[in-house]
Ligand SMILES: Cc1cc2nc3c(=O)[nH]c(=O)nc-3n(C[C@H](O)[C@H](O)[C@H](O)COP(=O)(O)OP(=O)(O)OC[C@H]3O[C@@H](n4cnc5c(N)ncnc54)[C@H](O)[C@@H]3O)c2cc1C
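One chain is shown next in C-alpha cells, namely the form predicted alone.
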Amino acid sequence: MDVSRCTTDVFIIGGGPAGLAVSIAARQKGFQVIVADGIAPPIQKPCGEGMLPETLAALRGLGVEIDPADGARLRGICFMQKDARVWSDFPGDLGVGLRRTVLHERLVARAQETGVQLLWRTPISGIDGNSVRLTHGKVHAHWIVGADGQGSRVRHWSGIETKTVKQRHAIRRHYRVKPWSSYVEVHWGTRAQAYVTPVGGEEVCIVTLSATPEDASFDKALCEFPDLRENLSGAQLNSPERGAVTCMRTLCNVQRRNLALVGDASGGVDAITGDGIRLALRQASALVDAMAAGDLEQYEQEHHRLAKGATRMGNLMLWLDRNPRLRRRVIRAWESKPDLLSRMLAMHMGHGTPEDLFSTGARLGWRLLTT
C-alpha cells in the first residue's frame, strides 16, 4: 500500500504503549488506523516495569493477556527507609512485574491482529491541518494523535503549551538475582530514592531517582541503601544502564481541533507513582470514545479527571522525598495504622470516593499529630 497517497480515519504518531493502546481501541470501534514511529520494535523505555492490577484489567479490555509466568507476581508495595518500613497489599488482584520490551511485543502483536497498519522506521516531519507529513508525501487523516513521549514534537507542532514541569533524574538497571520480596519496594535515602520491582523468577528491575544531575549516579545512590546493596551482592548486571528524566508535567490543553495528545505527550506523573501505563491505557480508551462521539472536548475533560488522582499521589511522593523528618513520621503513622496506607493505595488505584480521601487524610493528619 502506498501510504504517501492514502487517507485514514486515525493517524497515530508514536508506536509506544500509549500509541498502540489507542490504535487497538480505535480498531475495536471500527476506525481505520495507521501508527508510525521512527524506530523499530520493541521500543525500550527506562521505567520501573511494575503493572498494577487495574493496568492488567485495562490490557485485557484491549485483548492483551499478560501471563504472570511472563514476569513476576506483585502482592503490593513497601515503603522503606533507614529506621522504618511499612507495606500494603494491592486491593483485589495481584500485579505483575514485566520487562517493558515484553509488554511492547504483546501490544504490537495485538495491534497487528486487529488490523492496525504499522509503519516502523518512518519518521514524521510535521503536521498540516488534516495531513501528516512523511519523508515522502502526506497521509490525510480525520484524527491525528500525538503519542510521541514527553519530548513530543506533535505537542510543539500543535502549539499546545506546558503549564508546569517538575522533573527528576532516573537511572534503571536489571540484575540477575532471585527476587527477595513479592512487593515493589520504595527505598528513601538522604539524596536519592530507589525502587525495586521483581520482573521474573531470577531478575529484578531497580530504578534510582535524584533531584539534581549532580546526584544522578546509580552507584552513588545505591550507597544510601545498605540493605539493598547487600541483596545485590554478587548479582550479575543483566542489561545496559539506561537513564531518563521523569516529569510531573501539566499542559494547558491536550487537544486542538482534530488533534489529541495521549500518554507522556499529554503530560505526566513522576515515575515513583507507578501509574504511567495505567494512565495511558485509560486515556486511550477515553480518547477513542471521544473520537467516536466526534468531540475531543469530551476527551480533554476526562483526561483532566484521570490526571487528578495520579498527580495527587505524585505530589505526595515528592513532598515526602523533600521532607525526611515528616516522611519518617508519615511512615510511622502508617506502621501504627496499616489500614491508612491500604486505603490510600486503594484510592490511588481508583477504589473509593472523595469522601474516603478526606476521611483518610484527616485520620493521617491526626496520627501525625499524635505520633
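Numbers follow the displayed sequence, beginning with 1. Note that this is a predicted model, so its numbers are computed, not measured.
There is another form of the same protein, the form predicted in complex with the ligand; it is not shown, and what comes next is about it.
The ligand is not shown here, and in the predicted complex it never comes within 4.5 Å of any heavy atom of V330. The ligand in the predicted complex is approached by T246, whose closest heavy atom lies within 4.5 angstroms of it.
Using a 4.5 angstroms limit between non-hydrogen atoms, H174 is distant from the ligand in the predicted complex.
Residue contact with the ligand in the predicted complex: G48 places a heavy atom within 4.5 Å of it.
Not one of V33, L118 and R282 is positioned with any heavy atom within 4.5 Å of the ligand in the predicted complex. Checked against the ligand in the predicted complex, the candidates I277, L259, A72, M291 yield a single residue with a heavy atom inside 4.5 Å, and that residue is I277. Between the options A111, A170, A194, V204, the residue in contact with the ligand in the predicted complex by a heavy atom within 4.5 angstroms is A170. Residue heavy atoms within 4.5 Å of the ligand in the predicted complex occur in exactly one stretch of 175-183, 78-86, 227-235, 123-131, and that stretch is 123-131.
Residues of 12-29 lying near the ligand in the predicted complex, listed in sequence order, are I13, G14, G15, G16, P17, A18, G19, the criterion being any heavy atom within 4.5 Å.
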